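To begin, one chain is listed below as structure tokens, in the form predicted on its own.
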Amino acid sequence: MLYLRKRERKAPMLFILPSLFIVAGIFLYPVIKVLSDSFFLINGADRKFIGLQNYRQIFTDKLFWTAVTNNLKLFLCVPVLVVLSLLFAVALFQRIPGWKVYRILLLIPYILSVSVVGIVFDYLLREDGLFNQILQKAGLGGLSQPWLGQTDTALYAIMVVVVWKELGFGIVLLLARLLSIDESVLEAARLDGAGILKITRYILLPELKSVLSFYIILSMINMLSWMFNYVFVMTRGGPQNSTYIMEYYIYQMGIRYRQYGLSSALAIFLLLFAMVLVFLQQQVRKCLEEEY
């Protein structure tokens, strides 16, 4: 009987094995190729093996550390996204009037193209843009400034745009988990006199722990690997490299300056950083599963 059960478990794996090989080939070959290129000085068709020289060069480049610092600053978006997503998801879970309409409206920014969002906010945040015009009409003209044209504000302006666009995904993700909670548990808590704060603290948050851990790590990975379009459309890394990030640095080295070995080394560094985050997410989820 046990033998038959093991065979039943193996059968589905055999069916999907060919697809797994294809997917592994599609994803692993580029990684292996980039890893190989990171050890070479590449000039057109000429390739010269230089070992770890590309890695030594990027680690001594000030622009590399500027890009790393800016990527780390982007992580500030993560707690903002998590807190706002949680607040909106809990509010919508209370079935406030029109909550289904609000759910759709909050998701609209997420489904818009990053290029479209970047171009629109580029116009809104200019010195003569709509945002500064609103400040002036509200009597706050002293606060108006070129938000994307100053080194002190450019990166933070991009972060605001990122939060505005990515918030909808977090809301829908958390709300979907909340809607799957057994209603009888919530009803019993309400009958015992528990208010929304106690229900959120003792029922909703524990139910959301695994989803929140997934969303946090996913958001952190997005801050590493999905910010290129925002920077490319809105600032091109400026002003004075204040919005330079790893993805844009890889693009500049590989496409503009044709330093394919350097760009490959940068890509491997970014990949390893993302893998560390994935590993942390797996460890957090295991701890949560053991706890509950």
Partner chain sequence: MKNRMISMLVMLALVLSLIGCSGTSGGNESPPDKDGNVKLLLWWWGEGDTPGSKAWLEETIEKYREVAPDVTIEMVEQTSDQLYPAWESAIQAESGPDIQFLWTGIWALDYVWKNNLADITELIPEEEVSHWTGTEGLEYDGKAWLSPWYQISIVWMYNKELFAAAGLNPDNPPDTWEELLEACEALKKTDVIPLELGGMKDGWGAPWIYAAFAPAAHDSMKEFVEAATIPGDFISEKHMDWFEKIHELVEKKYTNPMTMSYDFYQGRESFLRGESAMGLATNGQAIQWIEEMGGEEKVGIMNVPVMGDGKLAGKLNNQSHSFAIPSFAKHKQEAADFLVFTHQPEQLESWYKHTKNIPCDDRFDEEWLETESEKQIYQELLTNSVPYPEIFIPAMVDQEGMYAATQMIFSGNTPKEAAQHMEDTAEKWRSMDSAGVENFTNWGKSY
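All figures in this text were calculated on a predicted structure; none of them were measured in a lab. Rigid core: the largest C-alpha set superposing within 1.5 Å between the two forms. Positions refer to the first chain, counted from 1.
The form predicted in complex with the partner chain exists for this protein as well; it is not shown, and the discussion that follows is about that form.
- Think of it this way: in the model of the complex, the partner chain has a heavy atom of just one of Asp152, Glu127, Asp182, Glu187 within 4.5 Å, and the residue is Glu127.
- The partner chain in the model of the complex is approached by Leu17, whose closest heavy atom lies within 4.5 angstroms of it.
- The partner chain is not drawn, but in the model of the complex it has no heavy atom within 4.5 Å of Val68.
- Although the partner is absent here, Val161 is not a contact residue: none of its heavy atoms lies within 4.5 angstroms of the partner chain in the model of the complex.
- Taking non-hydrogen atoms only, Tyr123 approaches the partner chain to within 4.5 angstroms in the model of the complex.
- Residues of 55-82 placing a heavy atom within 4.5 Å of the partner chain in the model of the complex, in sequence order: Gln57, Asp61, Leu63.
- Comparing the forms between the shown form and the other one, the C-alpha position of Leu271 differs by less than 2 angstroms, with the core used for superposition.
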